[in-house]
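Single chain ahead, by itself, as structure tokens, in the form predicted alone.
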Amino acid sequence: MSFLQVEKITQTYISGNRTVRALGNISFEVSQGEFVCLVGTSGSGKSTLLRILGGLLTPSSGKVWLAGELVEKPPPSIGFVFQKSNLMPWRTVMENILLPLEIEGRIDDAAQDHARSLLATVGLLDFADAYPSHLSGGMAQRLALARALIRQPQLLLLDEPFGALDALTRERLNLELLHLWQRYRQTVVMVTHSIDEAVFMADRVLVLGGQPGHLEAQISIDLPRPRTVDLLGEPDYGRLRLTVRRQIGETA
């Protein structure tokens, strides 16, 4: 049995007097430890699908299974990172990263040690007593990622986590995210509008298209790991990038 199973998901909204079909009959599976990217045209339902995977949104029909359990609400085994870091401005960096455990009443010495280890991993240990207003955009997203990892989730869902950052910062954080993934081996599903980012990061790229959104293609990214920026100049990278572009319908 696959780790994540998505079975015939549809999503319909009522907008005024209209019925809007956002997703139509989407099914796929994700293996444990796999890094999957969702790409597609605007309005194809990528973010809606991601929220359904995490139990944040109930589908109109269909089911999502995680490790054999039906996902009906956000379980502790799923971590989320969105484009906005959603940090609490009145809490320090350390207090922000510990917030998920504090809500669950699980603050102890082990939790504090784990938080410090994660902050060190993302380069923020020296800022443990700082407030979010003192962090750059890249630092804030590092903290949001570390906060998502504090509960040691089995599945990490990322919705354009670096989309608001400049190109160089985004590239650096992509490398850091791959380092964290290789270290902790969570299963990752990531929404991105960047074809380059999807091909660079993923084991497999799922292309959504149309309205309602449906699965157009699944493309295996057979590039070696660990990945470095040198890969961007390789012919195989360019070939896969063009394949994804064509599936999305972009040929330029």
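In this text, all values refer to a predicted model and were calculated from it rather than measured experimentally. We number the residues from 1 along the sequence you see.
Not on display, but discussed next: the form predicted together with a small molecule.
> Work out which of G55, G43, G62, G33 lies within 4.5 Å of the small molecule in the predicted bound form, going by heavy atoms.
The option sitting close enough to the partner is G43.
> If you check in the predicted bound form, is S194 within 4.5 Å of the small molecule, heavy atoms only?
No.
> Evaluate N17 for contact with the small molecule in the predicted bound form, applying a 4.5 angstroms cut-off between non-hydrogen atoms, and reply yes or no.
N17 lies outside the contact set for the small molecule.
> Is T48 a contact residue for the small molecule in the predicted bound form, using a 4.5 Å heavy atom cut-off?
Yes, contact at 4.5 Å.
> My question is simply whether A22 lines the interface with the small molecule in the predicted bound form - judged by any non-hydrogen atom within 4.5 Å.
Yes, A22 lies within 4.5 Å of the small molecule in the predicted bound form.
> Based on heavy atom distances of 4.5 Å or less, which listed stretch (65 to 73, 196 to 204, 214 to 222, 35 to 43) is in contact with the small molecule in the predicted bound form?
In short, 35 to 43.
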